[in-house]
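Below you will find one chain, with nothing else, as structure tokens; this is the form predicted alone, and questions on how it binds or moves follow later.
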Amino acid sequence: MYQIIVFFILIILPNRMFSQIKTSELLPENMNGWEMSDTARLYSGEEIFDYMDGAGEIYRTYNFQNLTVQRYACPSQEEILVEIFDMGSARNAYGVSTYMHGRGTGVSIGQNGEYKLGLLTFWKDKYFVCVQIEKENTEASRTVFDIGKSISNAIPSKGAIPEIIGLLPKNKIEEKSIRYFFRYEILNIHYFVADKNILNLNDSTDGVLVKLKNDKSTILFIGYPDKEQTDSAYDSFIAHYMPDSKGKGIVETENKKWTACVKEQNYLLINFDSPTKEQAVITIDTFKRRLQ
């Protein structure tokens, strides 16, 4: 009995304590002469719209939990703004990071760290982090990086990347173009498919949109929980998006390019804007082989 109690104290309690860490505890009190200029602000749920307008909808679509905002000030220097989004899970944090990924230069901070024009972004575990200044200078930019590193180091574990990402043929795709999502509202921002959810996307699905290196066409790759939902989504897409394909899953679109769609196991593969019918078939077959 004594050994069981000790095990509970040493193993179970620390895990519970970690799960209760407040986001504000990830923030450094000061850095390189910059000090917290006010109390951290917390925005939960719909309150995100009190802080940001339209952009808040993106985070809400990825099941945003809360946002901690902290400002740092230093005499005669740029104010540094820190935003830590608790997305509830690594899956959600990764998705939000891909929404912005590819706009800057990669940096070794957190996961998928990037920096451009005074804005540092990265994700780690269930968090998505932004550290920014309005105007760059050597000291302020260095401190943006140091604050980012401090926050990243305060998060004990990395987050798992969704398994569907590992099914992409890395030598065929533009990695910076990867967009991960599970709701059609996000899909339509990156590539408009329909004003309705004709692919039956929801929280139980996994969607990836990515550009191909060779012909710059687009691949949409969706995983479903079971065959029944896969079949239903396939039938819906064919009926709404390519009714003229006569059920063959390939059609020439108005822009004189080709769209092809197939189902394989519990996945849908769609190639948009392929230059030729033959190339669309080759592209689909290449991705299908990753599933076999």
Partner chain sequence: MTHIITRRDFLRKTGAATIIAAAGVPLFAQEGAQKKSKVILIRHQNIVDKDGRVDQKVFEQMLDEVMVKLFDSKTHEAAWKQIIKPTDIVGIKSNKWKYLPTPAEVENTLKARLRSVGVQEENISIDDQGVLRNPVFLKATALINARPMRAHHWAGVSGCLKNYIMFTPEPSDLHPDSCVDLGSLYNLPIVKGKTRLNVLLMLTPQFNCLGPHHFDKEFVWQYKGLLVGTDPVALDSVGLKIIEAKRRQYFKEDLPIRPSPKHIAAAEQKHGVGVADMKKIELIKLGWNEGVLI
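In this text the structure is predicted, and so the values were computed from the model without any measurement. Residue numbers count along the first chain shown, from 1.
The form predicted together with the partner chain is left out here; the points below concern that form.
Handout entry: Check all three, A233, I284 and R290, heavy atom within 4.5 Å of the partner chain in the predicted complex
Key = No, the candidate spot makes no contact with the partner chain.
Handout entry: Of I173, I161, A154, M100, the one that lies within 4.5 Å of the partner chain in the predicted complex (heavy atoms)
Key = Checked against the cut-off, the match is M100.
Problem - The single option of I178, L220, L212, V193 touching the partner chain in the predicted complex, heavy atom within 4.5 Å - result: The residue in contact is V193.
Handout entry: Partner-proximal stretch of 42-50, 220-228, 29-37, 263-271 relative to the partner chain in the predicted complex, 4.5 angstroms, heavy atom
Key = Contact-bearing stretch, as computed: 42-50.
Problem - Contact flag, T61 vs the partner chain in the predicted complex, heavy atom cut 4.5 Å - result: T61: yes, in contact with the partner chain in the predicted complex.
Handout entry: Exercise: Q77 in contact with the partner chain in the predicted complex, heavy atom 4.5 Å
Key = Result no; Q77 lies far from the partner chain in the predicted complex.
Problem - the partner chain contact in the predicted complex: I198, any heavy atom under 4.5 Å - result: Yes, I198 lies within 4.5 Å of the partner chain in the predicted complex.
Practice task
Give a yes or no for S150: in the predicted complex, does one of its heavy atoms lie within 4.5 Å of a heavy atom belonging to the partner chain?
Solution key: It does not: once the partner chain is placed as it appears in the predicted complex, S150 has no heavy atom within 4.5 Å of it.
Exercise for the section: Heavy atoms within 4.5 Å of the partner chain in the predicted complex is the criterion; list the residues of 64-97 that meet it. Expected result: In sequence order, R71, L81, E83, F85 come within 4.5 Å of the partner.
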